[in-house]
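So this first bit is one chain, no partners, the form predicted on its own, shown in structure tokens.
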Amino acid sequence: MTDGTADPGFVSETEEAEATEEAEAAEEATVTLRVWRGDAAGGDLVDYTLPANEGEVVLDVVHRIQATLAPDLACRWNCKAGKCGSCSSEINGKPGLMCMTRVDELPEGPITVTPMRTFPILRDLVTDVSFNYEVAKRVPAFAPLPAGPEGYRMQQVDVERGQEFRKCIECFLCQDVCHVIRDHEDNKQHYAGPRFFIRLAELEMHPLDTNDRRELVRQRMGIGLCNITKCCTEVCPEHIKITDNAIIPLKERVVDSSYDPVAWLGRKILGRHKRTAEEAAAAAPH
């Protein structure tokens, strides 16, 4: 005889079977990374399958592949915290940081990991991003007036504007996804790209800076080639509003400088000289 009260320790056969199936599934769960292997001469995708671990990011799996299946797999990384920008790659075709892409948030099936397509391949997932450093050399440095007796003063709104742009970790994902660079190799000679447009915007919007880079931006940095598709903003891991807060205002400043008749008349009356691209370039670090 029973009093009809369920035994708290009782487990039905159905529940036991389900628990067993879940345990077996957990034991058998695997993750497959389809990694591009090769160099500048060519290569192909290679599948690596490992047991799945809960909470991993793509970079974790790459490290396990290096430790067990392919010790010669080349990838670039440093902090594993989304702050150094080193582990940039294309994951399932979308530019992203391997250390910030969780495996369990990706669709089921093999995860494709390839190097950034815009830059020359050195080996496996490592690309030659030296183009960006060459562009950086052409950006004229910050040039403030001498500080007064009370030092420098700025409005908080100006401080906050520049701080957004300085969050850039130089992962170069925005450069990778920008089709002006990605699809047209010849543009690299005269197009700075979104990463350096935010640097130039930061300098141009700085109230203490005395340099005028607008003609340089128009003539040699290629601001006119950007058609503001916002793809750079979409991939930015620091969520910088590259298009809205940097590129569009920079375009407006360049247009005002070069084509606004009121600005031209004002310079004429006041006798002010607009700095040329050559004069601005002369202030770039060498």
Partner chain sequence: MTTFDNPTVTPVAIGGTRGGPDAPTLRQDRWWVQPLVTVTALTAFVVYSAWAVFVNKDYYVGVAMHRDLISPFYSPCIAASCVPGARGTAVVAGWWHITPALIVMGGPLGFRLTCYYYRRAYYRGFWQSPPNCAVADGHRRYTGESRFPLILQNIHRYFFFIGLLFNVILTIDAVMAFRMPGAGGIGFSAGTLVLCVNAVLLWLYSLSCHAARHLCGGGVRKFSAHPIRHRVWRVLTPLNAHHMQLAWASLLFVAFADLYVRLVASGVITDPKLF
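Not measured: the values here are computed from a predicted model. Positions refer to the first chain, counted from 1.
Absent from the display: the form predicted together with its partner chain. The rest refers to it.
- The shortest heavy atom separation between residue 227 and its partner chain in the model of the complex is within 4.5 Å.
- When its partner chain is considered in the model of the complex, residue 199 lies well away from it, no heavy atom lying within 4.5 Å.
- Residue contact check for residue 97: none of its heavy atoms lie within 4.5 Å of its partner chain in the model of the complex.
- Though the partner is left out of this view, residue 222 does reach within 4.5 Å of its partner chain in the model of the complex, counting heavy atoms only.
- In sequence order, 92, 93, 94, 95, 110, 112, 114 are the residues of 89-114 having a heavy atom within 4.5 Å of its partner chain in the model of the complex; the partner itself is omitted from this view.
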